[in-house]
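Just the one chain here, the form predicted on its own, laid out as structure tokens.
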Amino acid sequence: MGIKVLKFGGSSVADAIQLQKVKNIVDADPERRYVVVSAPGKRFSDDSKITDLLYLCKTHIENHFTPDHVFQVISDRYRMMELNLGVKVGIDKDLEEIRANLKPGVTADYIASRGEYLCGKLAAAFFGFDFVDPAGLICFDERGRHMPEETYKRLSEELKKHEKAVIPGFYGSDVNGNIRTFSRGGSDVTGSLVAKAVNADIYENWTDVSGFLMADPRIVPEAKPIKNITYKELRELSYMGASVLHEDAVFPAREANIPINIRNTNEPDHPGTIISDTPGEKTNIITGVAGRKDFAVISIYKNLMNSEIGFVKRLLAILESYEISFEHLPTGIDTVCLIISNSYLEGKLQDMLEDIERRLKPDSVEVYQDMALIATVGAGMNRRLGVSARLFGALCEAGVNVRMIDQGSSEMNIIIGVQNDNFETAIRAIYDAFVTE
């Protein structure tokens, strides 16, 4: 019998009704033996995520306010879940212990992790699975950096003792026994680590969407689902924000050659999207199109730049001194352009420009704001004639002026820069040009 590892996101475990759906999914396949759960998410649009409420408790403590009211809301939700699920896990005792720890000096990691911890105990009892606390198994060093090799060793040894188990996501502990967490969305990472540790046949990541779509449905409502996508294609699209998966979750599964299946808890019969190293059969040239707004282009011109040794190195040293990361670096004979997210430039742009003027002495520096980047991604694009012609022809017909062009060395993506107000039109035009009925 094979092994399947499942991870369920916050919307999938928001209440007892959703947990019943999860149990039905788990019970439907005996190979689904290890389940990773997030903290309960929103039950309706105006609801709060448990993790957000826990962080709010921390904020109250830091500002010398009592967290009692907020913690009561959290407690009521877990007590109601225990009642509606018909299980007894001693939730009151756990809540009392957590409440006693809500005092000055308590870490945000500890507080936030309790959402997954309590949900994991409820889910394990409801499914009839063992409960496995990841503290002491998912390992971090003193500085909060994940220690993968020690994690795989400990997880593998522990999970061999359990035929079926529920493991809370998002957290582990450091060498001193302190609770440590991944960044938000880190339950995806836990699921991938567990999958590698037990040498799973597949890692099923269950959320509230039926896999990836070829474009943002808010821009292209009829966007087709992506049945198969390679890890490299996923990385390119995720970079542009088209991800329903924590990006660090890809690497443990990929290292172990474990496919990831993105599924929808509310549509369990939908096959979702398979992520693997093997390209699936495609009916379209591209795999998807995605983009992000709000970039700035800093264009630097200097006569005979190409003969000035170390010019780009000194330019990048200036960026480093301001802790600014760049996205792309298109160059010409006498020009170099920096594509930078506006979020990095807040409060730093003018000082950085003055440093560029002083240290590099360019002939001119121009800044273009309100730029958007759009990536057209497909593993087979480099073997197809006329891809660029079709892309730019579609943009021309749509009246979109392309301000920047960059093709990655992988030859599986073409990135263009357009004005923010042309963003949606450009994505729509590219999708229509490549996606067949």
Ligand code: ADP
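Keep in mind that this is a model prediction, so the values were computed, not measured. Only the largest set of C-alpha atoms that superpose within 1.5 Å between the two forms is called the rigid core. We number the residues from 1 along the sequence you see.
Keep in mind that the form predicted together with ligand ADP is missing from the display, and what follows is about it.
Undergrad: Where, among 192-200, 142-150, 82-90, 207-215, do residues come within 4.5 Å of ligand ADP in the predicted bound form by heavy atom distance?
TA: Heavy-atom contact with the partner occurs in 207-215.
Undergrad: Looking in the predicted bound form, any heavy atom of Ser11 within 4.5 Å of ligand ADP?
TA: Judged by the heavy-atom cut-off of 4.5 Å, Ser11 is in contact with ligand ADP in the predicted bound form.
Undergrad: Heavy atoms within 4.5 Å of ligand ADP in the predicted bound form: does Ala249 have any?
TA: Ala249: no contact with ligand ADP in the predicted bound form.
Undergrad: Could you confirm whether Ile298 comes within 4.5 Å of ligand ADP in the predicted bound form, counting heavy atoms only?
TA: Heavy-atom contact with ligand ADP at 4.5 Å: absent for Ile298.
Undergrad: Applying a 4.5 Å heavy atom distance criterion, does Val244 contact ligand ADP in the predicted bound form?
TA: Contact check for Val244: yes, within 4.5 Å of ligand ADP in the predicted bound form.
Undergrad: My question is whether Pro217 is one of the residues whose C-alpha shifts by 2 Å or more between this form and the one not shown, given a fit on the rigid core.
TA: Shift at Pro217: 2 Å or more after core fit.
Undergrad: Using a rigid core superposition, assess whether Ile427 undergoes a CA shift of 2 Å or more between this form and the one not shown.
TA: Indeed, Ile427 is displaced by 2 Å or more.
Undergrad: Quick check: Leu237 between this form and the one not shown - does its CA shift reach 2 Å or more after fitting the rigid core?
TA: Shift of 2 Å or more: yes.
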